[in-house]
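First, one chain by itself: the form predicted on its own, in structure tokens.
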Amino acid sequence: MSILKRGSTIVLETKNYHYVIAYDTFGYVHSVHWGEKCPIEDYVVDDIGNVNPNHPNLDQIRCEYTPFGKTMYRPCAVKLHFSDGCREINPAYSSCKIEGEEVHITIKDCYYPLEMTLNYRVHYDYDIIERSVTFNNTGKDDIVFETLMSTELTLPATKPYHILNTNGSWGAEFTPTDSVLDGGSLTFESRQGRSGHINSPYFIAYTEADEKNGRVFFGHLKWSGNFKIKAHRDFLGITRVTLGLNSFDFEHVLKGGQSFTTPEVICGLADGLGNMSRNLNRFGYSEILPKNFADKELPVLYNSWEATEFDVNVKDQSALAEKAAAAGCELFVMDDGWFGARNDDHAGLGDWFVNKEKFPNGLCELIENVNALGMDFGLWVEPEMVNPDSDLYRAHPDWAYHYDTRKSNEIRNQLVLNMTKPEVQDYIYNCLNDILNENNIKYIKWDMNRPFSETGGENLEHPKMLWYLHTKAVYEIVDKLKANHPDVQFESCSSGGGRCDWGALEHYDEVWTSDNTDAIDRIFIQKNYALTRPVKTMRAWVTDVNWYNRDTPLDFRFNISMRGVLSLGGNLNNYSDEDISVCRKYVDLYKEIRPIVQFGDLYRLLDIDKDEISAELYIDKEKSNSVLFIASVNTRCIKKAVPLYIDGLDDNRIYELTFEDKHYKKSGSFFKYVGIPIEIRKQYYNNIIKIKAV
């Protein structure tokens, strides 16, 4: 059993660590310890006296969940007001309930009808604990929340932590930012209605850590809407982190008799950034991803966008599908342009019916042609948006977020539908459900190409709840469609990586990582994606994108894309027979190594920014088969032979590999500690090496 209780002390035990909490006689729940294991009888709650009235004891205690009010002046996890205007919470411990791998600690306000239950679920093998908070209004009057965090984490007091997050953009998603927090606060957030391209809904904290060593704390919020992550270090050197719904333009009204549970947070501790990644990777496909495809290999797809853009029809798409099949693809996805009056991005969005001029016999003719080639068929949609030039908008202009006295701002010639309206939800669900019922479709790419604006809705009694309700509606529609069509994969896309958080991963089978498919940029983007998310969720395309006027070889592009879920997106109409043969060669190789890449452990051996070489090893659970990807754009000066240390193999087993015509048959410890010499001077160097245990 991974949950132990002794008196008022509760120990949540994972494979390598203890997370310890305890409640005191005043009703506060304390964070006692998060780290290496100790005997349970050693854990106690220290009594903090009022040494200085300017720094009262309540402002110093390590609360599991800090309420607003009294003499607590640090950032709080929850702030609200009761019906009589009181804004202070006076908590008192009520009960502790242990159910298998879960523990629920209930705190009640001493006067008002408010119950707060701190929820914990232990994932022993992954050193991960999931946390959330449930609020119950046991009275009759409304309770209005202004700040509503999912969790608060107190890190062991030590020297200042590095706080790792992202500060990216469209086309440069997951760009890391590493800040040393020696005092005050750091805030990472989204205000766009989606988790976004800039900051990320997680934190990573460490003092001294690298790929292999050093204690790493982390927390990931399972939420795809507005979020806020705040890290604060006080005058005592205590670092606390809160994660949850963004308090920006937010309120949540909890009516009498109702309850509300915050989005969950995945909390964990690991030894080194590499172990953190591998734990999250295994945890993701084992515990989080939708079950229909979580344990299945994802197919090699071809997407038609670069080849045809909006100009789609049966004849041209069928001819393109023949080339995709010749390249070895297993899934053909038709992108934008198949519906409504959709000839460019100015019109048709929202009219989810087949364009009869392009497809006079509906989609079935094209799908039958694709299926006859041995491929499944997929479709692109953008259900949350509408063009003003559409039948849907002309019939229901009030279905978009708007203010009657303001002109709505269009982005990409589109507006955001008011997903808090039941009739909008029904329309979207029914349209997509009908398309799936009427056609043999196995894949839906769900896009969201703009942030919110004019966030008004006449249907909402409490308008500031729309940010939360919109995201919940998206989740519910996707879940309902998946339940009704269990053989259909769903991909999350939002102008690239704008919605690929752990909340999305609980509902979608995979994500579109970035609209930037340049192979050199993708080395950087994919490395930082896989730092915190499962590899098998990362769609990685081989395309013809050439933003930088550089001619990147086709085999180099495959080297980078094969490190995720391989996909093709180039204009195959321009490919020679030799190009198609190259595609087929790498697609066939990918199918051979696919179980290792999608389900194996990833070891980052060399970093292209630091070492001028990118080297990554994927190895299966049994440590029997692995694949090593090596790529270099260009190296500076004369590069002598340097050792490549291959981590991740079993020290005590013998492995074989061939590198640059030299055959090695050595122990895992040799490859790890002695390494093999590499000397790279070639531009666009590309090598994929299979390693097998003897």
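Just so we're clear, the structure is a prediction, and the values are computed from it rather than from any experiment. All residue numbers are counted from 1 along the displayed sequence.
One more form of this protein, predicted together with a small molecule, exists but is not displayed; see below.
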Contact with the small molecule in the predicted complex, heavy atom within 4.5 Å, among 338, 512, 603, 283 goes to 512
With the small molecule left out of view, choose which of 202, 468, 380, 161 has a non-hydrogen atom within 4.5 angstroms of it in the predicted complex. 380
Let me test this: is every residue among 121, 218 and 274 within 4.5 Å of the small molecule in the predicted complex, going by heavy atom positions? no
Of the candidate stretches 418-426, 90-98, 445-453, 256-264, the one with residues having heavy atoms within 4.5 Å of the small molecule in the predicted complex is 445-453
Contact of residue 502 with the small molecule in the predicted complex (heavy atom, 4.5 Å): no
Should residue 541 be classed as touching the small molecule in the predicted complex when contacts are defined as heavy atoms within 4.5 Å? yes
Examine residue 575 and determine whether its closest non-hydrogen atom to the small molecule in the predicted complex is within 4.5 angstroms. no
Could you tell me if residue 305 has a non-hydrogen atom within 4.5 Å of the small molecule in the predicted complex? yes
